[in-house]
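Let's start with one chain on its own, the form predicted on its own, as structure tokens.
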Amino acid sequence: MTIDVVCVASWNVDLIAHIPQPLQRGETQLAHGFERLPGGKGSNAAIAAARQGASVGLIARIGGDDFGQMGLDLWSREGIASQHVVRGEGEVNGTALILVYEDGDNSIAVYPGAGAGLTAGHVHAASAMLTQARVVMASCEVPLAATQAAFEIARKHGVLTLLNPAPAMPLPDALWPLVDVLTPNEGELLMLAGAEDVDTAAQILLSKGAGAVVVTLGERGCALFRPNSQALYLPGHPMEVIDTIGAGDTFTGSLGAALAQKTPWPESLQWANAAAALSTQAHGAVTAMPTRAHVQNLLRPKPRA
């Protein structure tokens, strides 16, 4: 099996409570809904890429309990290669505690669990898969040493690297030049750059060595910044939002799939925008991710009245 996209992946089980509004310190609210669903930014992005037609492989470390088996079963159903997923027997899996509010927005606390043990050694064991891929993706939910090792291998073999810097955190200077595409949301972009507006922040991150910055702007769409090029802003697809869980992961994975297929930038961004918008139309992350056919239908020109 030829792998188009390799994801250095986190795996979490999402425990989701639906409440009216954000909690104040010390406050308790009654939830009006609860779900236990698959999650993890890396796993989510990998599934998004697979549903957009890419062949996908994972490098990950998961726990040995039933939550770990949930991940293996999920990736098997999605056609994702998991031979480089390592199990830490006796360790708990990553868990995300998610509060979803009535307006569809959310707050998330993530415990990485067994995923915190992913090392550069695990990555090097999967070097054969990395070297023949077209895109290597990662997020900041996995140890940065593992991401750096994967991106170093990718760079030596001309493989495109894509980093979703979430949760946002300071990145080592040595990692920036290895990032071909960075996909922060607006808040993450401003935090990483220490700036107050999107354009300035993007230029700061480009000066650190990132090859391109793609910032997601929610319902306003996204913007692409590259060195010595005019910024490209693409509008979003207005939707009545059910929840936004996994929308950023859907965008990143769909963009990775499009770039792996050598789709030009404008079309790749349009595709990722549409996939992310569709992902807000149902509860949860994986449960809401669209297929390639769903995205094609949204982007199909509508007949004039």
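We number the residues from 1 along the sequence you see. Owing to the predicted nature of the structure, the values given are computational and were not obtained by experimental measurement.
One more form of this protein exists, namely the form predicted together with a small molecule; it is left out here, but the text below deals with it.
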Residue among L99, A212, M191, V110 with a heavy atom within 4.5 Å of the small molecule in the predicted complex: V110
Listed residue (I62, I245, V56, I59) with a non-hydrogen atom within 4.5 angstroms of the small molecule in the predicted complex: I245
Answer range among 251 to 259, 272 to 280, 41 to 49, 25 to 33 for contact with the small molecule, defined in the predicted complex as heavy atoms within 4.5 Å: 41 to 49
In the predicted complex, A285 touching the small molecule (heavy atom, 4.5 Å): yes
